[in-house]
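Here's a solo chain for you in C-alpha cells, the form predicted on its own.
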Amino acid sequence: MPIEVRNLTHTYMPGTPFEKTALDDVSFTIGDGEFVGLIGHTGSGKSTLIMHLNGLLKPTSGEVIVDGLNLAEKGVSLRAVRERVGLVFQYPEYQLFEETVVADVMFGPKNLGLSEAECRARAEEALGQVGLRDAALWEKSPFELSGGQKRRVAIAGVLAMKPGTLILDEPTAGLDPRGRDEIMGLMKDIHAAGTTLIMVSHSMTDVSRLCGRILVMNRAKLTIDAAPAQVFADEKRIREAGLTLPPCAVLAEKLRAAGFEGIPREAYTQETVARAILAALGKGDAACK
C-alpha cells in the first residue's frame, strides 16, 4: 500500500498577515513494509505533513495518493483512507475515555460499522499485538494503568482498525527509560508483522536504531531522503536543519578528531561504532559477541 506525495504545498491562513507556508513542494514515496523516520526541528513541517497522509489536512497544492486514492479528488472516502493509514498522535493516552480498556480499543472498529463480535475480536487481537494479553486487564479502567500501558492501549485502538500504514508522532515522548524501551520493542514487532511504519521523532537515538530510511524536514522543505548511514554521515546538513547527531555518531566524530583511524562516518549506532573500534584494534567481530 504505497503512499505517494507529489509536490505537496500547504499554506496556513493564505492571504492574511499571518500567512505561513508549512510545506513547500514536498515529494516522496513510501513503499510497503518500510520503516521511515521523519525528523526536523520544531516548526519544520513534520506535523503538517503527517496530517496530510490520512486526510486530516488538504493540500494547498500538490497531491497525496494512498493506495491509489487521491485525497484531493472529490468523492474520495476519508474513512477509507483512515482505514489504510492510522495516526497515533503525541501523548495518545490523553485521548482514552471509555470505562474499560477493551471498550476503548473497540471504539475505532465500531465507527467502521463492524459487528460487536468483530469489534471485540479486533480489540483482543490488537491488545495482544501490543503485549497486553491479560484478559483481566482488559476489563479495568484505562486510567488505572501505568503511563506505558496507557500508551499501548492507545496504539492498540489504532491497530484494531487494521491500517496498512501506522504513523506515530513522538511515540516515546515523556516515558521513563523502561517505558521507552518497551515502546521501541513494540514498534519493532509491529513492523516485523508487516505494517509500514512512519515515526516522527526528535530522538536521533530512536531513529538511528529503528528506521531503515529517514526524511529530514527543514523550513517546510524535504532536504534529505536517505538511509540512516548516509543521513548521519552528512553532519553539516544535519546541523543546518537544527538537529544533532546520535550520541554514538558524536563519539565516533570525536574519536576521528583525536586521530583514532578506522572509524567510518557511516558508524552511528552503538553496534556500528563498537565494531569499528574493535576492528581498528584488530579484535574483529568475535569481540562484539
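Numbering starts at 1 and follows the sequence shown. All of these numbers come straight from a predicted model, not from anything done at the bench.
Although not depicted, the form predicted together with a small molecule is the subject of the following passage.
Comment: the small molecule is not present in this chain, but in the predicted bound form one of P264, G31, G43, G242 has a heavy atom within 4.5 Å of it, namely G43. With the partner removed from view, the residue among E83, E182, E124, E170 that has a non-hydrogen atom within 4.5 Å of the small molecule in the predicted bound form turns out to be E170. Heavy atoms within 4.5 Å of the small molecule in the predicted bound form belong, among the stretches 228 to 236, 255 to 263, 62 to 70, 46 to 54, to residues of 46 to 54.
Contact check for S146: every heavy atom lies farther than 4.5 Å from the small molecule in the predicted bound form. In the predicted bound form, the small molecule sits beyond 4.5 Å of every heavy atom of T100.
The closest non-hydrogen atom of K110 lies beyond 4.5 Å of the small molecule in the predicted bound form. Within this chain, K188 is remote from the site of the small molecule in the predicted bound form, having no heavy atom within 4.5 Å.
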